[in-house]
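Laid out below as structure tokens are two forms of one and the same protein chain, each shown alone and named structure 1 and structure 2.
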Structure 1
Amino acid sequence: MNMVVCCKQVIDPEAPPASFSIDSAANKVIPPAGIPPVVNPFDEQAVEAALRVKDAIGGKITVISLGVNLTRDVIKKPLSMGADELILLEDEAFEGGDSWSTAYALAMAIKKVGEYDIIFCGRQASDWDAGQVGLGIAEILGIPSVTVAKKAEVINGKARVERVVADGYEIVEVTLPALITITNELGEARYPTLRGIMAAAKKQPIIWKPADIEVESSQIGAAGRRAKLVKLFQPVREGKCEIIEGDDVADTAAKLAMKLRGLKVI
């Protein structure tokens, strides 16, 4: 199995909400001081999904990351988890893209990788939460896709995928090559082992520039955008919480219940 996993570096989505701030003049998020970026958690689980396939039937895992200022310790994590190769699309020209230009660049990079049976992506990146790039790659490459998967196995040359839906999941079979997006219900991604970390330290990522993947600079990054970001802002929360206190817990509990009765919600 030749597998490709697309991994994005993002600001830590689990950082305390108070650390989140925006530069409204630039319409950009200010990375929180002292909190290092992470690999998008869903992408990390996409690496895990690929590793499980590799554990079961063998194969090669190539990870591709697009971005600028990619922190080596962060972006090499998939290698330390057990991926075989890391390709970085690291160039100013790739910056400021939207789902379109990002999917296009990644699809072209995957074409250059050549052989692939499964492409794994996270269901969405935890910064823009759009959930479009994976499907965009599939559409550009003309391959089928299954989204929001909590399990992916290869059986008789096809992928058997458990796709999460509102009331449970569907078992879907898809022909290969295919693109599969992974959700957290897959389970935790493995921790890198010491051996994995040492092996990753020795591996150098391969860096591709726009010319390497034969893309025009007008089609990638900010130049290739189709969606225009008009404004980025933080919603205001009113924050008027009444704290209920009583003489003891029984009293507090009774006060809370009466309060809710007063509001006519119970």
Structure 2
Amino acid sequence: MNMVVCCKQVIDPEAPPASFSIDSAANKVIPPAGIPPVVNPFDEQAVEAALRVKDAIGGKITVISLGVNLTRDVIKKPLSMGADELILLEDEAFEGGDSWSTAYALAMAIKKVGEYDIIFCGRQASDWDAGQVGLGIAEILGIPSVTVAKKAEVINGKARVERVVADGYEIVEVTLPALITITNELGEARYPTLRGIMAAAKKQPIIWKPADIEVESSQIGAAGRRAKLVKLFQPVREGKCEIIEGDDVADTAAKLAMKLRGLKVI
């Protein structure tokens, strides 16, 4: 069983909101100083889903990540969890992409990997929350996809997936190869063991440039974008407080009720 997991390095979603800032002219988020990036939490759960399949029937897990100046200690975490191989699409040409150009680059890298049975992705990334890259990869590769999976296993050569729906979950069976996006209902991803961390430290990632996956720079990154980001800004929230006073509690409550009614809150 050959599995590929797509992982993204993101700004820590647990970082205090006050630590974020926006470069409005460039439409970019400025990473908070002193707060290291992390692997997208949904992608960690995608790694966990692949590891559960590997635990059950064996196989190989290849992790692919795309970005610029990726922090090795961060992006190696899937290796310390138990993945077998790490491929980095790391080049300035990959920077500034949208869902389409990112999906295209990842799909071309997966083609270069060769044989694969299941591609796992997180349901979405914690930075942009678009949830489009996984489905884009499946569309480009021409394979079936199942989204928001809380459980995935391989039975009789097919993937049996429990996917979350509004009132519970449904069971879907899909032929392989296929792409599955994993949601947080899968459960917590396993912690890396000391042995796993030491093993990951010895493994060197494979670095691929655009030429290695046979794509032109015009098809990836900012040059390959199909979506235009018009404006990026932090919303301004202003609060106002008005003190309602009365002769006693009952009078104050009555005046408050009349004020709320006038504002059409009640």
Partner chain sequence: MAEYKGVMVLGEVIDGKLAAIATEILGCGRRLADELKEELSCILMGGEVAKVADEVIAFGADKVYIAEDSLLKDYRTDSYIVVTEKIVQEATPRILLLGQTAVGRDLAPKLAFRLGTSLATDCLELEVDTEAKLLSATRSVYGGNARAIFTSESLPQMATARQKAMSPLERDDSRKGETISVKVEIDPAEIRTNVIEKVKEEAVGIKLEDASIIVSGGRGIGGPEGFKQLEELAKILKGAVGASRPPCDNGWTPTTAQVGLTGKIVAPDLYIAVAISGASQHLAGCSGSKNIVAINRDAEANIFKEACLGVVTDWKQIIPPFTEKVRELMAG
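The term rigid core refers to the most C-alpha atoms you can superpose between the two forms while keeping them within 1.5 Å. Keep in mind the model is a prediction, meaning the values are calculated, not measured. Start at 1 and count along the sequence of structure 1; that gives the residue numbers used here.
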Only one is the form predicted alone; which?
2
Comparing the two rigid parts that turn against each other between structures 1 and 2, the one of 239, 165, 25, 156 sitting at the hinge is 239
Swing of the smaller rigid portion against the larger one between structures 1 and 2, to the nearest whole degree:
38
Could you state, for a rigid core superposition, the Cα shift of residue 244 between structures 1 and 2 in Å?
12.4
